[in-house]
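One chain is shown next in structure tokens, namely the form predicted on its own.
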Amino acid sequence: MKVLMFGWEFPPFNSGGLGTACFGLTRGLHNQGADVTFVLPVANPSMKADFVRLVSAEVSKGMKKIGVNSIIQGYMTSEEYNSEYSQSVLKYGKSKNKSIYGKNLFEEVRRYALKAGLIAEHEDFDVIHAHDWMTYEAGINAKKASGKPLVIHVHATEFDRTGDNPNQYVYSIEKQGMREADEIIAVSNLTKNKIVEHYGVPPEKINVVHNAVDFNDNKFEEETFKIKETDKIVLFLGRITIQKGPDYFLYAAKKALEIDPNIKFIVAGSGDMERFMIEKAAEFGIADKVLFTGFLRGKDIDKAYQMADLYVMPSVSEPFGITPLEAMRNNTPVLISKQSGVSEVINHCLKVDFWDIDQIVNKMIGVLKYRELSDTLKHHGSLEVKKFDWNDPAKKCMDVYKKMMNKNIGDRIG
């Protein structure tokens, strides 16, 4: 099975769970015998992965054009890429971007989509797989150029990202992608239901494939965590945006500190609510108890989990949520919102409605105060998370590919 996959990011250059999921899934597909070509809008020659062929729509410095043997291959130089794009984007106009979108993101999405047709004409593949809204137009163009079936992979909807206040431009791209796709993959039943409700897609077109987590052998010496000698540590790790509920984390922190002042709250990540969080912590008089680390990568992520006595994910709307699995992988107890896809598949954790500050505080204090509860969550959580292997979602994706190919053959015969 040869898969032409479109994705916006790939580790080590990624901003969150999407890149992590793409990395794990492509490796799982490789283990299932799939030959995956992963197309990025822009890639770095330093990217390396022996289980996937990485291709860039743009040839950057130190990268060679397609057809020349190199680790990362590209299709056009920056000059060629920008020149071809410059006129075509004008007819789409400029959208009023919300703060969660970069200034030029919409233009980059369109430029990437224009290259997808060219790439599809030169690559050899059986199916097309596009991850999240930034790549849907690319997947559609690749389908038109090749006639091959398309699956779109919904990691989040615009309703999740914006707190039910969708940007209409993004929403229209998502709706078009769902209409043009032969099949849809949703990362949870929560996401599937949202697609049916907000996009009018028949449920039989949607396949639920839950995410997984990679395992590693990162070990850190106990003396690294001197802060734990005097304080308990509660961690928030993720994008600091409305979707992730960082404000609820802060409100809970204020109440918890009234009960136990020997708690430190660590906020790891970046996003458009970061300034609000810093200012609100100062307003609450707890600025010395809330530490902001900025965006973390690689081993620093595992280090943060291992430092924490509790990981909290208070997401308002979380299609899946890989971070609780990462925390459990590091033997850290987790408290997650019921409004998350991962809550469908893990049991050895604490669950609460994101808006219920009192319950968040009660369960937070319970884990920090009662060693037996903490140890039970650590032990059973570390055992439970081992069942989340990327080979399982990869097998389910392979089944979706085969279903599309069989349907495609049937349509042509018919």
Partner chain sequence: MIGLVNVCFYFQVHQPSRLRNYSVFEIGKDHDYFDNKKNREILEKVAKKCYLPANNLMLYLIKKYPEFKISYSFSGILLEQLEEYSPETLHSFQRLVDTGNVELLDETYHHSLAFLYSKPEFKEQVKLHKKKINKLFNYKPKVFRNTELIYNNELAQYVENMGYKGILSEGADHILGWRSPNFIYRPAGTTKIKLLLKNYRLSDDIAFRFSNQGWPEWPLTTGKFTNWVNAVNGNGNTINLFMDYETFGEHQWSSTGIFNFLRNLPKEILKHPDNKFSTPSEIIKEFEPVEELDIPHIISWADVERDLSAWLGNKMQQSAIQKTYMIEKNVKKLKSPNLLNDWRKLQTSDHFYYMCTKWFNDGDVHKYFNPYDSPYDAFITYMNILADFNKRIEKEVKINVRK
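Numbering follows the first chain given and starts at 1. Remember, predicted model here, so these are calculated numbers, not experimental data.
Missing here is the form predicted together with the partner chain; even so, the following discussion is about that form.
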- Query: K144, K338, K205, R110: which sits within 4.5 Å of the partner chain in the predicted bound form by any heavy atom?
  - Reply: K338
- Query: Can any non-hydrogen atom of D358 be found within 4.5 angstroms of the partner chain in the predicted bound form?
  - Reply: yes
- Report yes if any heavy atom of L105 sits within 4.5 Å of a heavy atom of the partner chain in the predicted bound form; otherwise report no. no
- Task: Would you please decide whether K175 lies within 4.5 angstroms of the partner chain in the predicted bound form, comparing each non-hydrogen atom pair?
- Result: no
- Task: Although the partner chain is absent from this view, report whether H30 comes within 4.5 Å of it in the predicted bound form, heavy atoms only.
- Result: no
- Message: Among the candidate stretches 265-273, 278-286, 134-142, 252-260, which one is within 4.5 Å of the partner chain in the predicted bound form when only heavy atoms are counted?
- Response: 252-260
- Query: From first to last in sequence, which residues of 326-353 have any non-hydrogen atom within 4.5 angstroms of the partner chain in the predicted bound form?
  - Reply: K338, N347, H348, C349, L350
